[in-house]
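In the form predicted on its own, a lone chain appears below as structure tokens.
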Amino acid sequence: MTEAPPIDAIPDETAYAEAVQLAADAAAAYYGDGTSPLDDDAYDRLVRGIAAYEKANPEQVLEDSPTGRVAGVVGDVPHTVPMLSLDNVFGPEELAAWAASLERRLGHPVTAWSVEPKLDGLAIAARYRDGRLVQLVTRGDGSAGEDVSHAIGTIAGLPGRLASPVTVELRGEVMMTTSQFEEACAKRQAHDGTTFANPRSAAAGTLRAQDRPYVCELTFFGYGALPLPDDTSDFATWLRESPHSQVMEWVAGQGVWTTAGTPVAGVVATTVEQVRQRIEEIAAARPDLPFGIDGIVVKADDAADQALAGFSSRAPRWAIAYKLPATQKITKLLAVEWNTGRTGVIAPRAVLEPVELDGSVVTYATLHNPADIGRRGLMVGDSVVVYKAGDVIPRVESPVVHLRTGDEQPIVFPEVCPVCGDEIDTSQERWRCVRGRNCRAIASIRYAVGRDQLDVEGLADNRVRQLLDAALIADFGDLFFLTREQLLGLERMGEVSTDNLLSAIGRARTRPLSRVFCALGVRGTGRSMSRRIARHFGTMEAIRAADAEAFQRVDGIGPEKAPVIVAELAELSGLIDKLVRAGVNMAEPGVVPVAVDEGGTIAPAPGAAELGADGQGADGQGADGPGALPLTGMTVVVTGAMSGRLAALSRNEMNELVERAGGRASSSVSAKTSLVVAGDNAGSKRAKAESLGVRVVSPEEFAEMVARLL
């Protein structure tokens, strides 16, 4: 990847000229076919560095500087009105300073602010004559753009006819949604074995493509409408004089897509503080959106304010783009490591050139499986796009093919299991060691006895290895059959440590079904899903009798995951039988179990109300007594250190408490969150909840809410 110099790293006129040329080349590629040697964050830093140098050396400003012109590919179709870019701010303080400067320019407070998402696509002008779409033009250099009318009919949200027979120019963003991007990558992979680098480059290439043997759909979101310059009709006058928000309501009424129907719809604010609140709301919703945004656009809503503020050479003075932190970056794929997980799945991991992404330095990323590597066409040495899935797990999205030098090397797939050296089952996309869980017996057992599963103290890795080497155990089910004499026969196992371990194993027999099920390590499930499964079925007998269709009735289990769970349970049948013989608890406390008849059919137990996925009866009566459970229907996030009556509970135990109270535990705050339990050092999750207006309570307040369950 081409490195952009940091903001303060332009020491002289020569370096400045080189930076301007790099910015010009990057912009030409970006606005041409969507490719660029710089990612968005690097380009923004480069331009800010150029601007800082120019402020200190105004006599050296070059004509090609990105600070004084609209970046883009020059076309041969003149714009009726210049199609300018937006200046940027990068935080609340810069936003406040810009708003204050605008109001000083106006000589009065801004009447109202419009706040909208900044969509990550390509700006185009869509020209309608008598209500019929006749021409599409790219932004170009702001004065003229390219004619891409051949794309008419392939862009969702941009109708061929408006609801009204008017002559008007609509301006908006053409982009690919997540699903459209995935479909486009699949088509390109089938055609030439490569994929697109990201949705924006895919949209840019698709918009200009005329001779592809396959068609990729695009999406349009409108952000403005204007009449022709010489149009003096009443409608044209209305467009010129109406507030932006009213114009956008009209646009949506014409059948054109706007963000009005999305979680990040444009709103009107009357104060800068309200603007900041909406910015935080849009930023919080960003990870869950089906399309990309890279900021928020703030503009004076009133047409008179806009006219009075005017324009600079490259941007309107009445609008600004509030840029959000980058969620994807370009870096180098240095190597691929292969490891075998506790269930025998062989997983590849990308070793990356360190890159800062969304506030943290990323050096490793998920590569899913061998089939996915092939679909994406990755090679060692590639420049790759890295992003964070759900703001947590770094993943490699795709190679940046146009940055290849010829030195890249194919990724070498393992021929044997990287842990035990045995054969690999390659019959499915996710490769697996033929020994399955036995390949990583230590990891599997350590997971099962962990605090959030069976919670058996005194079983460190060296002790598990000792038991395996002595052939006393083969899996964690054998732990429940260990005798005092067997343990005393091991090195460094005295009477006290032996008795303590046996006591811990004895306590593990009494754990709730949700923890026992979690200890099995069924693929496609974890702690939260294990709790849902246990509360849905009530007993291990009912779980084992369930088919894929029955599992799909559990919240969060779909048609792809359900058969995997059924197959996993069949594979674990021997281990489950062993646990039953050992007297391990196989029921979920407080849940009315479902009955299994002689034919294996699952039905509610006689006289019992059927429970839903949250353990709540259809009649509103939970298992803990009459009346609804205190958190029924609520999504709850626990963050920070608990105190008071909750001080001794681990995070998993807190989540168990949430679900026993009828709620659903979540690890991330969003607009769908009902409640946040914030202890000491709650940090960003509390701040995010407050910005979204989500209710926040202390551990003490939460303990009162669920007091009867403690």
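Fair warning: this is a prediction, and the values are worked out from it, not measured in the lab. One rule holds for the numbers: they count along the sequence shown, beginning at 1.
The discussion below concerns the form predicted together with ligand IVH, not included here.
Please determine, with the chain shown alone, which of 489-497, 110-118, 275-283, 456-464 has non-hydrogen atoms within 4.5 Å of ligand IVH in the predicted bound form. Only one stretch passes the 4.5 Å heavy-atom test: 110-118.
Looking at P593, P159, P316, G377 here, can you tell me which has any non-hydrogen atom within 4.5 angstroms of ligand IVH in the predicted bound form? Exactly one listed residue reaches within 4.5 Å, namely P316.
Candidate from H536, R437, K299, R432 lying within 4.5 Å of ligand IVH in the predicted bound form - any heavy atom: Contact with ligand IVH in the predicted bound form is made by K299 alone.
Taking a heavy atom within 4.5 Å as contact, would all three of S85, R139 and Y223 count as contacting ligand IVH in the predicted bound form? Yes.
Answer for L631 alone: is it within 4.5 Å of ligand IVH in the predicted bound form, judged on heavy atom distances? No, no contact at 4.5 Å.
Given that ligand IVH is not shown alongside this chain, does E173 nevertheless sit within 4.5 Å of it in the predicted bound form, heavy atom to heavy atom? Contact check for E173: yes, within 4.5 Å of ligand IVH in the predicted bound form.
Tell me, yes or no, whether A123 is in contact with ligand IVH in the predicted bound form, where a contact means a heavy atom of each within 4.5 Å. Result yes; A123 sits at the interface with ligand IVH in the predicted bound form.
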